[in-house]
Structure formats: C-alpha cells, structure tokens
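Just the one chain here, laid out as structure tokens, in the form predicted alone.
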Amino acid sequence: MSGLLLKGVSKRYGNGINAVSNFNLELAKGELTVLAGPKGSGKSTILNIICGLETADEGEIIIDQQNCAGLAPKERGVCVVFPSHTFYPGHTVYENLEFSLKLVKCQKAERRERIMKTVEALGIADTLEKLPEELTPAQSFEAILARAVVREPKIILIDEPFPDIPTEEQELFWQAMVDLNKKFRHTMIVATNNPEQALAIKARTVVLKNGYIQQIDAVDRICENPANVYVAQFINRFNMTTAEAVLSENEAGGLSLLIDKVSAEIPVIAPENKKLSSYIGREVTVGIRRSLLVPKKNAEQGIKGKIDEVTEENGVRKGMFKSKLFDAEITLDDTMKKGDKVALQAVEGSIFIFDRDTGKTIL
C-alpha cells in the first residue's frame, strides 16, 4: 500500500525559478527514503509541499490514499523535524513531549501511555525528567524524534538533520533514524545535502538537481552505477576526480582513456560494450574514484606521481600520492617508500565514463 504518492508535482517562484519540476515519487507505507542534493536542489520545497506549508503549481499529493488538495497542514497527518527544532527551555523532556499531545487535545491518560510507549521503544525513558540542557546531543536528537513519533503521524519529514554535529558523532543520529523507522514503521523522508549521510542511512535515495530527479535507486547502486556525471560527483563527492579524456584502442586490442592533461593512459576495465566502442576517438568525461586505484612502481600506464608522507598504523602503510591531476592517500606495499615514483592503475569499479555533451553515463 502506498504511504505517499507525488504525481507530476511542480513549483515555480515569482522570480521565474523552477524549484521543483515534474516530481514523481511513490513511497510504500512505512518506507524510509532519502532526498539528496546540494543546497537549492529542491529538497525543502518538496517537503514543504508535502506538509502543506507551500502549494504546488501542478501535480497531486496523496497521503494514505487521500488526495491532499485543499487540506490544511494540520489535517494531513504530517510531522516535520527541522534542523532548528529545539525543546522549550526550563521544561523536562516529558513535559515537552506532553505539550505536543496537548495541542491535539489528547487526554491525560492517553498522553502518558503514548509517551511511555515511545520513549521505551527508543530507549530514552531515563531522560524523561531531564531538562533539555542536560541532554547529550544524541539524547536531544532522539527526544526530538520521540516528539514527532508520539503524535502518531502518517508521515515524518526530517529536513537537514545534522547541520552542526561533528561528522564523527553523526553515526548515532543516522542509526537513531533507522531504528525509529524499523520500530514504528512510519513513512519517512530524510532530506540531506551530505552524500555521506545518504550512504550511511542505506535507504532508497532520490538524487536531485535544480528541482529535477536525476536518479532513484538504492544508494549503494547509485554509488556503483551513477546515471550521469552530476550524480557521480555528488554521491562520490569526497572521492571523485573528473577529467576530460579521449577514448582510444590500445596495443592489446582493448580500450584506453588518454588524459592529455597529465599524459596518462588508463586501460578500460569493463564488460564489452557496443555503445562504448562508438566513442572511440572522441572526447569523453572520465570520473576517477581515487580510493580504488592501485599503485604500481615505475609503471608506464596509469596516473603517474610520487609518494610523500609515509605513515603506518596497525600494520597498514599509507602514503600521500601526489600528481598533476590530484593528491590522494593510498595503501602501500612493503617495497614502497617516500619519494618512489608510482602509477595508480584502474580496477573494476574505479572508473566511470560519461558523454561529454550530455553528462550521461556511457556504460
């Protein structure tokens, strides 16, 4: 059964900007989905349209089989968690959760029953008598999620949940959202501009650009098979270098990418592809996942550079590879040392090839 259906949703602002264009998405009841894209890609506009804070110019929003046309925000059964959401100061967690139920005229006995059921399921019952300032960041976020759950909404929308939280602490927050979805089976959408968050949540992901859907799939499959260069650069943002190259036949009878900028030749490791063969002699865009490249000493093929700043931790030797195209930390074998010249060579999954004009993947 569908928990949420958006059909042909579009939104234009007075300045002529298309914030969202022909947006189509269906979420199964209880599904967790991620909206991913940089600032200005349309994520918040979509959430605002779903909850009724903004009106779409075109399209339909259907929640639990009910068309939301004409429904006020409070009639939609949607709860939104914004990054700026905080608790009322000077009141305990219990009191803060109870406030949200008083707003919907819930009776006292039912308020307590709902609160206890929610906090016990989330494992935060021991925080009920604490003040907001006494909570750890993780406890605070879990309590904010509890405030959303306790109202028993049909849909929970979470907009940019970790704007100021250090990356090393965010795993607790990711896990809290995933656990929340598993325990309560609310239909949920999490909007983020950070691909690391999308990869950590491991849910079906919608990648957006300027209000248009670029790709919808499980996030791992998007990472391995991006639809275009935009998706590849966004989802692999911290591990992707792009360059212009020419696709040519090599002496071994296969295909190679020639990057003139750095005089590099990279043999293409990919299944036979007729479409790829039609690009021989043409310029293409190549996406290089740096962490997957393998160093080889004094090799003729690959991206050439030298090793600098060698370190070792837990028996693993690392070195900073420096080249004209990029710098990257690489894993070294026992024979490699500082100052050695090496070439980084491709392995399966380390190279993407895109049409230079359209940006679409060729493979």
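Throughout, we count residues from 1 along the sequence that is shown. What you see is a predicted model; the values in this text were computed from it and never measured.
Beyond what is shown, the protein has a form predicted in complex with a small molecule; the following relates to that form.
The chain is drawn here without the small molecule; in the predicted bound form, the stretch among 39-47, 57-65, 312-320, 330-338 whose residues come within 4.5 Å of it by any heavy atom is 39-47. Taking the partner from elsewhere, residue 346 is found to have every heavy atom lying beyond 4.5 Å of the small molecule in the predicted bound form. Interface membership of residue 9, defined by any non-hydrogen atom within 4.5 Å of the small molecule in the predicted bound form, is ruled out. Contact annotation for residue 17: at least one heavy atom lies within 4.5 Å of the small molecule in the predicted bound form.
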